[in-house]
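Have a look below at one chain only, the form predicted alone, in structure tokens format.
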Amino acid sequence: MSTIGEKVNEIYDSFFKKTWSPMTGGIMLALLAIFMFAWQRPWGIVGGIRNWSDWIFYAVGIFDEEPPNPLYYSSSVMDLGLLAGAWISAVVAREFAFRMPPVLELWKGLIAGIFMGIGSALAFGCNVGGFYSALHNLAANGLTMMVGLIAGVIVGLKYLYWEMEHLTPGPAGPTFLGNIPPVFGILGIFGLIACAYAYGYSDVEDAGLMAGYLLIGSGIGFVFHRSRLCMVNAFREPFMTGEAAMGKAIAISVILGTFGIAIMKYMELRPEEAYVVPAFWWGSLVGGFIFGAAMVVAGGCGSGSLWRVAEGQIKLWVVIISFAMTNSLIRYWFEETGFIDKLGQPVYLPDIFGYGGSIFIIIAAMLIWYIVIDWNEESNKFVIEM
């Protein structure tokens, strides 16, 4: 019979050290996305990193209007929380280290990040805001972005095959600062609590809301890292190796989140128009295609790139920087020229099909994806040969 100490160590290892299953990660992500919406607003990625980049362009005089304070801007605080949660998970599990990739990978990260910025500007969001959270919020653009993502992933995969045959990546660079004691990760948890406490006692308007964004965002980052949840993997692997675990986890995650958020909208606890953006149909479709191809080359989507930044992956630092700066510039140009009004229409599915019909459409789309990739895992019918 194990002792209490041994049982505590077993639970600690299961929670902090062992990799969770993709399905566990997908279910936990859906619950946290519901919590975020119940707290105040939907979960997103692009708005936060664009805010950071807006400050750079404002500082050098390219933008005239001062952006919102990153420490009191909801999207930014959510992203900071995600970074903190993923970093805590990586440090406690002794998986954090700065890893320098081959030079070719850095160039790929730079170029792919630029295209991710373009695609996310067209679609009003990355894989999270344009697809995952859009479907949770019953927005039609989430469906068209999914189609674009799948088509783009196939093109990106074909490029990777071409690269493997024609280019040599060269040696990887050094790995450094990889021996941070796990106690620093535990201290990070107390640091998050202290920051949330400070928000709660701040006199700044809506500062109390920031505490929730920070803590729920950190939970999302922790879940991503512990489960290695990755939407690039979810869309790419069915066509590359046939593996479907990640794709099935995301499908279930979308279904669960849709139920939770639809209930809140139906009960008028949150605005129906939340996260219903004017990107249906062509903005989300073309943006999804560009973003899907680019995220395969980058090796990370919006959320995946961010949590890998917290893990120390230098290539993804390059991706996030070029992604954020490009999105910031393109979005600014769209708004200045009025092109932002030509990307599509805001289409809220319940306005057309009612709540029952809308939920059915999204569940049907996810179940079709789930069944097809599960069947493909055995048959390899959709696996693209090199």
Partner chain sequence: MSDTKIAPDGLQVAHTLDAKGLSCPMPLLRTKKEIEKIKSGEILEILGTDPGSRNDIPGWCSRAGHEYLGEKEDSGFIRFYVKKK
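What you are looking at is a predicted structure, and each value in this text was computed from that prediction instead of being measured. Numbering follows the first chain given and starts at 1.
Although not depicted, the form predicted in complex with its partner chain is the subject of the following passage.
Although the partner is absent from the chain shown here, L160, E165 and E243 each have a heavy atom within 4.5 Å of its partner chain in the predicted bound form. Segments offered: 306-314, 81-89, 257-265, 181-189. Contacting its partner chain in the predicted bound form at heavy atom distances within 4.5 Å is 306-314. Within 4.5 Å of some heavy atom of its partner chain in the predicted bound form lies at least one heavy atom of T175.
In the predicted bound form, its partner chain lies farther than 4.5 Å from every heavy atom of W369.
When contacts are judged by a 4.5 Å heavy atom cut-off, R99 counts as touching its partner chain in the predicted bound form. When its partner chain is considered in the predicted bound form, T19 lines it closely, a heavy atom lying within 4.5 Å. Shown without its partner, this chain lists P278, P271, P169, G200 as candidates; in the predicted bound form, only P169 has a non-hydrogen atom within 4.5 angstroms of its partner chain. Residues from 191-216 do not approach its partner chain in the predicted bound form: none has a non-hydrogen atom within 4.5 Å of it.
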